[in-house]
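Alright, here's a single protein chain in two forms, structure 1 and structure 2, each given by itself as structure tokens.
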Structure 1
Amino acid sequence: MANKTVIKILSDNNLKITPQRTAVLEVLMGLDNHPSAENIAEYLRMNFPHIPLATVYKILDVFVDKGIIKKVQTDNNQMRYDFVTENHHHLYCPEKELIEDYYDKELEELISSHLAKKTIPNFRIKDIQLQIIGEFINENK
């Protein structure tokens, strides 16, 4: 049985509560490593051994469209998924394929202030997601 938080999120977004949707959302909530669709499918196959990868992608696309999750693209064009939807940025280490959330209020204010003074012709900003590419030097990462 899906947990109450998962059911509430699906209900609040007018989504039919299916075993596959609840399972995908539970996996996303349980992982903090910005998993790919393939990673999610691996976890799901423990309980849904025959779930097609295409189904996982469709569910993820619906969750992105509803604003339940966000997409994060790596520099090798791999799409990863993030359950944290509040404003934050990402630290990305291509060598280790690690993505971590990065919160910096001062950076947020600096970017917002700069863009408030500038206009980009024929463009309306909806969201700003900064990805800082580098190398984690702490061996625990």
Structure 2
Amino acid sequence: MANKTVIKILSDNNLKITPQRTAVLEVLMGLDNHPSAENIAEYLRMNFPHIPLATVYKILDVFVDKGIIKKVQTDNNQMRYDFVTENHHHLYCPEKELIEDYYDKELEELISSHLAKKTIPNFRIKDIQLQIIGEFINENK
């Protein structure tokens, strides 16, 4: 039986509770890897040996639609997915294809208050994504 939090998230979003959905959501909540659809499928195969990738994609699409998760773009045209917790940004290392969360409340505040003052003409801001691109050093990753 699946975890209560997961079930609550699904029902709060008016989504039918299926074993596949709870499994996908559990994987996403358990990883901070920003997994790709394929990565997620690998984990799922522990419980669902034959789950089709297409199903994973369909589930991910629904979750993105509902705002439960976010798509994170990399520069090698593969989407990666991120369970939405609090606002955060990303450290991205193209070389090693690593994405790590970067929490920085102060920076968050700085940017959003700046943009609140500025107001960009003809544009309504929905979200702000900061990608700090660089290189992880010395961290056996």
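For the two forms, the rigid core is made up of the largest set of C-alpha atoms that agree within 1.5 Å on superposition. The model shown is predicted, which means the values in this text are computed figures rather than measured ones. Reference numbering: structure 1, starting with residue 1.
Point to revise | Displayed copy of the chain that is the form predicted on its own | key: Structure 1, not 2.
Review point. Does superposing the core leave V64 with a CA shift of 2 Å or more between structure 1 and structure 2?
Key: False for V64: its C-alpha shift is below 2 Å.
Check your understanding: Relative to the superposed rigid core, does the CA atom of C93 travel 2 Å or more between structure 1 and structure 2?
Key -> Stays below the 2 Å threshold, so no.
Check your understanding: What Cα shift, in Å, does P121 show between structure 1 and structure 2 once the core is superposed?
Key -> Displacement of the alpha carbon, after core fit: 4.7 Å.
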